[in-house]
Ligand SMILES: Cc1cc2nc3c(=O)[nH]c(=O)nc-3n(C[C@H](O)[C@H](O)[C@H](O)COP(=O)(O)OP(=O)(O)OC[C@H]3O[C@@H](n4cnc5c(N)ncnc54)[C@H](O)[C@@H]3O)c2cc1C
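One chain comes next, on its own, written as structure tokens: the form predicted alone.
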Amino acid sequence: MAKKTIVILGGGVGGLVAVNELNKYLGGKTNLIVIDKSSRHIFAPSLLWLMLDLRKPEGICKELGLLESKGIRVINADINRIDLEKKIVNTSKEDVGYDYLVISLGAELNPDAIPGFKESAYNLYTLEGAAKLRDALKGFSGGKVAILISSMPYKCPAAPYESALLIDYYLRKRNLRNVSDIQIYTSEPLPMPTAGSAIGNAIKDILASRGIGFNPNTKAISINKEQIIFEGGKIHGFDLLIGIPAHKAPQVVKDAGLVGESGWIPVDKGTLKTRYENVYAIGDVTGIKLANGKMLPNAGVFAHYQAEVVAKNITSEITGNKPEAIFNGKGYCFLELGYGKSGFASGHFYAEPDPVVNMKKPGFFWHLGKIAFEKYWLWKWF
């Protein structure tokens, strides 16, 4: 019998875990292929440390080609088309057939959604953007700092708030905080609203204790020179703008007919199956509605656990067993505060009627835990 071919689209968190877990269970028994337009895996949580010059770009990246030493094929190419009927992925290098397809392409950043964003904002969510922001902060001598969340949803919901707290810490170290103002602008009613009002208000209180302004329910429509123009005609100036760009589903999944009414790929919330046979989707490219009508947040921890579930169930199908693994909606995240401290929140997002999320008291232990996790991640999967 010919070996089954399992193709994983994307070498981010979900794709990396999925292919490693499949290799653990089925190594040598299947053809495993990862396709990504980038040759590198970037450990995104460390972009915040890169912003403060606490990391170098080469220290938070790994070449996807390292996976080939495990017998995994890596194709570095653009994905042009997904033919679900013929079970073929067309890339800029070759056509790749599959028996099972795992889509882990993440959300595509869309800085063009707000006119002036690309010209004025430092994009916190890219390696290049974080490096440019690092250099800008080194030359910053005080003034108005704005952190703009373009729209919902966006990946890593804690990151904008962490960036505000870390910049506050950085400016205090340089004795510039008394001549600087830090403001967050977001269309959210509270920080991380899906986690519930208790968590949102706790983060809001932390921001207030550090003199960081929180401006909810504000939607930017354009950026002109050193001003953000919001709906309703409000205008706010800035000297340094950190931007979280709008997110959208990759065009290739839209063209394949995979996207639903939410604008993302609908999947079974437990198995991550799409409506197409042997096609799964995990991570930020999916749209999973919770019991309260909100969407499951876009966070790497969910992509990680979803990937484990998909790998187990594909393995069961191929080996003739009943697939029984279920993603339970549980996850966690760190919240960097500066001063060597972090918070830690964990919760059950599939709980009804609302997610149940708790946050531990911030401290040095959680910060050390995040450092340890970074080192573990870049060792474990490569």
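Just so we're clear, the structure is a prediction, and the values are computed from it rather than from any experiment. Don't overthink the numbering: it's just position in the shown sequence, from 1.
There is also a form predicted in complex with this ligand; it is not shown, and the following applies to it.
Residue 236 falls outside the set of residues with a heavy atom inside 4.5 Å of this ligand in the predicted complex. Although the partner is absent here, residue 316 sits far enough away that none of its heavy atoms falls within 4.5 Å of this ligand in the predicted complex. In the predicted complex, no heavy atom of residue 243 sits within 4.5 Å of this ligand. Taking the partner from elsewhere, residue 191 is found to have every heavy atom lying beyond 4.5 Å of this ligand in the predicted complex. Residue-level contacts in the predicted complex: of 159, 199, 259, 171, one residue has a heavy atom within 4.5 Å of this ligand, and it is 159.
Of the stretches 24-32, 41-49, 319-327, 344-352, only 41-49 has residues with a heavy atom within 4.5 Å of this ligand in the predicted complex. Residues of 78-108 placing a heavy atom within 4.5 Å of this ligand in the predicted complex, in sequence order: 78, 79, 104, 105, 106.
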